[in-house]
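Have a look below at one chain only, the form predicted alone, in structure tokens format.
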Amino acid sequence: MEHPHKPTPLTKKFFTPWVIVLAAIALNGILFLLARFVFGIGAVTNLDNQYPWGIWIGLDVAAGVALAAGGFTTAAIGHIMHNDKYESIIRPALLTALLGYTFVAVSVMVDLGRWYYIWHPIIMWNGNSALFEVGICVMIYLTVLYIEFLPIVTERFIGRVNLPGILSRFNKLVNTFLIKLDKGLDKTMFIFIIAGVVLSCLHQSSLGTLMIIAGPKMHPLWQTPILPLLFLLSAIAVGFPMVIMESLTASRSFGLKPETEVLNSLSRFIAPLLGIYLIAKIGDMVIRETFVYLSELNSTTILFGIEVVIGVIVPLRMFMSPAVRESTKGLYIASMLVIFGIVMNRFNNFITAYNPPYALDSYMPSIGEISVTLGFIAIEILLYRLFVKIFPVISIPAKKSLSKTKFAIRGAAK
């Protein structure tokens, strides 16, 4: 019988050699970020009137939104479909999505020329704008994610409120508030879970709508009327691989036993989801006859081939293999390939395929842009490590249950 697992704050040490490396990368990104705010966006990036967006939109925002899809896919399969066996991976997926969307919002603000106008969509509505729909949905969904995370906060501090000094007189009041908040959230959480899934589907697809508007500025290999559908299908397909990658990485980092049985079961959904996405993508190419562009050997077709073959077809075949699904190494490699494929897809759609008219030079991200992007990734990892040490996010075998099991085994042996 499988040992019961319970979410609990981890007691592993925070600082390791890798954490120090990540901290250095984060600090470097923060320095370039400060330079961007002090001296302007043009001083740090290679963006101009021909190329108004670069990797901060193509990777930090578009790819970041897709990679945070594990939050709504696990919520759908775990809560809405009532598959309790996936309960142990829902909280880590929620935390990953929360951090991912937080930095997506920050990335949008950083990319704006006048970043202090980030609040405009809240009161200046434009129902005809696809970008407005994306912005407002991301704002609302980010709020929903923080609300969904609140029960983890209340679980951590109920009965443990210990304010220092003169504030200690409010311990009982704060604890009572947390108890009432927890009860209220318990009764209404289903509303936020459903809203989160719906909102995610809306803005994941609307990101594709943005590139449809680009029209002939985009290469025909990616420009298609069903781009919103392809963006949604690809986001759903990458959700579970992202959860598997995060779970295996966290297990290795904290010295925990991988949840092989749960991840193996979850991996069974990935091949069908990738298959649906691949059929839609290839079918669209056949119908529009854009496959003729593949006869040209250039950087565009090579990047398209890498995206589809290495990022979709190869992991699709891997996830169809029981041997791969039962191997933690195989699961990790296959999941990383899917993640790589979706990142390549967003990079190709927003950067490779985009060819502005009268462009004199090609776009190449600056050191500052790369540094900020890597810095954001490093900060997300560090915050994830900090959160799982403070809050009950990651599930580990309950000590009492383990001791009882060992006692039973010894008794049976005697």
Partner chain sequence: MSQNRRDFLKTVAAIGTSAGALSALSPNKVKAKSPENLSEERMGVLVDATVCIGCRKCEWACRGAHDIENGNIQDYADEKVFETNRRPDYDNLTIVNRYESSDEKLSNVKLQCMHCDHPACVSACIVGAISKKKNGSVVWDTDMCIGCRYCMVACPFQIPAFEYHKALDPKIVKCDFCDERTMEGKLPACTAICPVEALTYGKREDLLIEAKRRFKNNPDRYYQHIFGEHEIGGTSWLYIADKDLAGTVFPKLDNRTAPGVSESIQHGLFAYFVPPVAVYALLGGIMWLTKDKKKTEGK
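Positions refer to the first chain, counted from 1. Since the model is a prediction, treat every value here as computed from it, not as a measurement.
Keep in mind that the form predicted in complex with its partner chain is not shown, yet the notes after this line are about it.
Student: Its partner chain is absent from this chain, but in the predicted bound form, do Pro151, Gly159 and Asp182 each have a non-hydrogen atom within 4.5 Å of it?
Tutor: The answer is no; none of Pro151, Gly159 and Asp182 reaches its partner chain.
Student: Counting any heavy atom within 4.5 Å as contact, can you tell me which stretch out of 272 to 280, 96 to 104, 223 to 231, 162 to 170 lines its partner chain in the predicted bound form?
Tutor: After filtering at 4.5 Å, what remains is 223 to 231.
Student: Here the chain is shown alone; which of Asn175, Thr300, Thr249, Ser129 has a heavy atom within 4.5 Å of its partner chain in the predicted bound form?
Tutor: Here the answer is residue option Ser129.
Student: Could you work out which of Met211, Met318, Met344, Ile90 is the residue within 4.5 angstroms of its partner chain in the predicted bound form, going by heavy atoms?
Tutor: Looking at the other structure, the residue within range turns out to be Met211.
Student: Find out whether any non-hydrogen atom of Ile367 is located within 4.5 angstroms of its partner chain in the predicted bound form, and reply yes or no.
Tutor: Judged by the heavy-atom cut-off of 4.5 Å, Ile367 is well away from its partner chain in the predicted bound form.
Student: Taking heavy atoms and a 4.5 Å cut-off, does Ile191 contact its partner chain in the predicted bound form?
Tutor: Although its partner chain is absent here, Ile191 would touch it in the predicted bound form, with heavy atoms inside 4.5 Å.
Student: Do Asp111 and its partner chain share at least one heavy atom pair within 4.5 Å in the predicted bound form?
Tutor: Result yes; Asp111 sits at the interface with its partner chain in the predicted bound form.
Student: Given that its partner chain is not shown alongside this chain, does Pro121 nevertheless sit within 4.5 Å of it in the predicted bound form, heavy atom to heavy atom?
Tutor: Output for Pro121 is yes: heavy atoms within 4.5 Å of its partner chain.
Student: Considering only 65 to 97, what residues come within 4.5 Å of its partner chain in the predicted bound form, judged by heavy atoms?
Tutor: In sequence order, His79, Ile80, Met81, His82, Asp84 come within 4.5 Å of the partner.
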